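One chain follows as structure tokens, the form predicted alone.
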């Protein structure tokens, strides 16, 4: 492991802002939720309503099975614990791939290995930095919960689970970095594993008590933190599951690295065609081909998630009859909807609208990656104007994100339409998704503007996305000022079908997005390229 200390410090230095943004954002959610417990749970007015809420299959699929909702600590674990574990898993996968496979793909690892560096030192540095980030997250979660007045023992269990669950996905990212031959494929495979674990948890948690399906929850790493039962009868032995799996995955990653060539993956890259397809003769065709895999993966993931969540909407009417006061709480998420199903659709569409913005920004920032690797320079050395190249990436990002919104909205309402024999629920959710699409376009416009004029500050768009996700997920439940909660690109857009359609804000946000995009493309045409 010669040079491990130097490589670890280098990885930490280059990725400190990446990890810091993720950690601080997630660490603030848990104590804020605990501090607002009375505001959130107060409308339920009694343990009877809480017991009915805990047994509802829809709520269990969304948030997991609660074991105690009568005190702030376990309620926080139920309300945001699984969400935090999943988001932290995303951080872990992206972080490890960023330091390992991405650096190898861009040639940095080869330069480092030309010196006195051990064969496994770069991967070890990536894993150590990722595990350290998870540990810091766990410490901050525990400290924040103690500061919020929760018991120390339960807070330690909560923090340990919040650290060890994403540590599993540090191992997942390390393995996928060895299996695939590109950072893009490694990220996609790692996030697919995380998505499958979340879906398995949702299916298992929605199953009736005592059924064999419920036992499948133990196979999902994102569920293990909740299964520790922080602030209850803590089951410390459950923490051995993520710790053991992390060790096995990391060991597997090192074993796989020893069996592959530098720059290659265990999955052999398929040979290309003898002749390029006619579509690759244009810049737009080339960009669509480069983005095809990422966009398809997002569409499949959002489609499966939409069908899964839509199939659970049938139990809302029953839950509304059992817990009438629950309507007050769900109205905060559902923009004041009178029908619980509508509130559910509005709340879910609000969260997915932010995820669609993530897709749009990710597709657009592929241009920055191509520019950094020198590929964009090769294209621009021909007769391709800069504006045409930027517009090609912009069109894919805008059209792809809008199509993702439409697909999710349609599939979300499809189960309800099939059960009622009426197309109205599907059209309603489709309209609700499409009317929120300009918000994602506005975020995309910010990303284009930053890349065109201030490429070194392109990360600021992720601050907008993170803030919006926090406000949508928990901001409305924490009793924050309405002006603060509504300080997102989607705030002025109508929440269909709860609110009446208003074209003025939709057209205004769309126009603002187009102006930002045009300014960004203009700036890209005038500035110097950022060369590798």
Partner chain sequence: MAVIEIHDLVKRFGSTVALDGLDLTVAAGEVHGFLGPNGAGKSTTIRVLLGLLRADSGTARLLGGDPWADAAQLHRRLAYVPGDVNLWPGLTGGEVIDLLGRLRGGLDERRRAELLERFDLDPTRRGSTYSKGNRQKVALVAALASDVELLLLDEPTAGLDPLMEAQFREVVREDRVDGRAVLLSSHILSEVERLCDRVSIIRAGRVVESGTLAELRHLTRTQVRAEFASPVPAALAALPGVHDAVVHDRTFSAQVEDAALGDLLSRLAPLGVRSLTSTPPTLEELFLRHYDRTGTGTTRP
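Positions refer to the first chain, counted from 1. Values in this document were obtained by computation on a predicted structure and should not be read as measured data.
There is another form of this protein, the form predicted together with the partner chain, and it is not shown here; the text below is about that form.
Contact here is defined as any heavy atom lying within 4.5 Å of the partner chain in the predicted bound form, and by that definition not a single one of 62, 430 and 499 is a contact residue. Between the options 258, 271, 457, 212, the residue in contact with the partner chain in the predicted bound form by a heavy atom within 4.5 angstroms is 271. Although the partner is absent here, residue 386 lies within 4.5 Å of the partner chain in the predicted bound form, judged by heavy atoms. In the predicted bound form, residue 235 stays away from the partner chain, with no heavy atom inside 4.5 Å. Residue contact check for residue 151: none of its heavy atoms lie within 4.5 Å of the partner chain in the predicted bound form. Proximity of residue 416 to the partner chain in the predicted bound form falls outside the 4.5 Å heavy atom cutoff. Only one listed stretch (434-442, 219-227, 277-285, 397-405) carries heavy atoms within 4.5 Å of the partner chain in the predicted bound form, and that stretch is 277-285.
Residues of 374-405 that come within 4.5 Å of the partner chain in the predicted bound form, judged by any heavy atom, are 374, 375, 377, 378, 379, 380, 381, 382, 383, 384, 385, 386 in sequence order.
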